[in-house]
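Only one chain is included here, represented as C-alpha cells and corresponding to the form predicted alone.
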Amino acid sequence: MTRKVGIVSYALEGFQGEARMSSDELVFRAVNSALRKAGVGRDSIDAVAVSSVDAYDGITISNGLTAPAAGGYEKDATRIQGGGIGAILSAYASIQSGSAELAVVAGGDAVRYDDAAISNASYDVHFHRGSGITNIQSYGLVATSLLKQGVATEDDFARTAAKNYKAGTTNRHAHITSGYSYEDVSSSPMVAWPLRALEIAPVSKGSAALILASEKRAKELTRNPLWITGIAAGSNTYAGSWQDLLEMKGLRKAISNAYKSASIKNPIADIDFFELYTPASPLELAYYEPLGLCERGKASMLLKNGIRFSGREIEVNPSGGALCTNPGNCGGVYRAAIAMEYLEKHDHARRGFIQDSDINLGFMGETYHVMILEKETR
C-alpha cells in the first residue's frame, strides 16, 4: 500500500554571498532551524539523507562531516550525490517503506573551488577530459544545437535570462538580485558561443534543509502539509550519441513517471508553477517541450506569449532560477524549499513542479530528478 509522504518544514541558510561558515556548520544551522519550525527534536528523526559531492566539499566522504551535522549521528544516514531531489527521493523511500516516520534532507555549499577544473575532471578520462571541455562549454554546445534546430534564437536566450533576473529581485533568498535587463544580458561578454556571461549561473553558497514525514506524523505536526504526489528519476546513456543527449530521454522518463504518479493529464492546466534547474538560460527553453508546455519547436513562441490557462499565467522559475541562485550540493533541496514558500504565500497556487539534475558538472550521462508538491485539499 502506498503511503502519503509530506514535507512539514524547511529552512534556508546563506546564499547571499560567500559562506562565512564551513559546510557542516551551515547544514547544522539549517537543520536546527527546520526542526524547530516543525516542533520536533533530533531524537524524533528516523532517517537522514544528505546531498553532497566530494568535489564541491574539497574532501572525500564529505558526508562524514555533514551527516552528523544534519542529525544523522547513530541514525539511518544516507548520502546521495546529485542536485538534491535524489536525496529527497531517498528519504521519501524510507518513509514509503515504513522504516521511517520522520526524515531530514539537507545539503550545504561552502568551499571555494575552481569550477572549470572540477567540471573537466568529471568527464571521461579517455574520451573527453583531454579536450579541455567544461560544463559551460557543454551548455554552449547544447545552445548551438538549439539554434541549429530552430528551437530558439540568441535573443530568446537573453530574454529568458532577463525574465529570470527580474523574478529574482523579489526572492529574499536569492544570490543574484540585480535584476539584469535584456540589454544587460545581450551586451555581456561572450564566454562560450553562443552563451554570454549573464546567461550562465553563478556558484552559490548556502545550506537548505527539509523535514519529511509520513501522513500520520505530518498531520500531527502541521495543519497544512505539502504532499509529494509525484517523484521520479531518469538517466541518459553515459556514452550515448549527441542526439541522445539532446533528446534528454532521462528527463522525459522522469517527467512521465512523476506526471503519472500525480495524475497530471495536462501540465498547463494542472500545475501552477515550475522551478527548473537551468544553469544556462537556453536549457529552460529546451525543457518546455519535454514538460508538455508546448509542441516541439514552439519554445520561442511560448517565451514571447507566456504560459496561460483559463486566464491565469503559469510561472517558470518565479524564484529567478539557477541564474539567481546555484548551489552545487543542495540546489534541488533549495528549489524544493523555495517551492514550499511559493505555495504557502500564493493562495491560488495548488501544485508546483521542481526539477534538478547533476549537469552542474556538465553533460554526458546526466541524471535528472523531478518532484511534484501539492497542497492539502479540503
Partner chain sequence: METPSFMSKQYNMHLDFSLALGASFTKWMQALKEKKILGNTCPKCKRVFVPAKPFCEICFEELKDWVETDGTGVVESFTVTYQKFRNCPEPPYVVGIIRIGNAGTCMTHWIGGLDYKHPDEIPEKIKIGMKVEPVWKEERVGDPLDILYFKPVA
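Residue numbers count along the first chain shown, from 1. Quick caveat: nothing in here was measured; it's all calculated off a predicted structure.
Beyond what is shown, the protein has a form predicted together with the partner chain; the following relates to that form.
- Checking Thr153, Ser187, Ser178, Ser145 for any heavy atom within 4.5 Å of the partner chain in the predicted bound form turns up a single hit: Ser145.
- The contact with the partner chain in the predicted bound form, taken as any heavy atom within 4.5 Å, belongs to Val111 out of Val111, Val203, Ile268, Met301.
- In short, of 273-281, 164-172, 120-128, 216-224 it is 120-128 that has heavy atoms within 4.5 Å of the partner chain in the predicted bound form.
- Remark: all three candidate residues (Arg20, Asp57 and Ile133) come within 4.5 Å of the partner chain in the predicted bound form, counting heavy atoms only.
- In the predicted bound form, Pro290 stays away from the partner chain, with no heavy atom inside 4.5 Å.
- Proximity of Trp242 to the partner chain in the predicted bound form: non-hydrogen atoms within 4.5 Å are present.
- Although the partner is absent here, Thr237 is a contact residue: one of its heavy atoms lies within 4.5 angstroms of the partner chain in the predicted bound form.
- Contact annotation for Ala192: at least one heavy atom lies within 4.5 Å of the partner chain in the predicted bound form.
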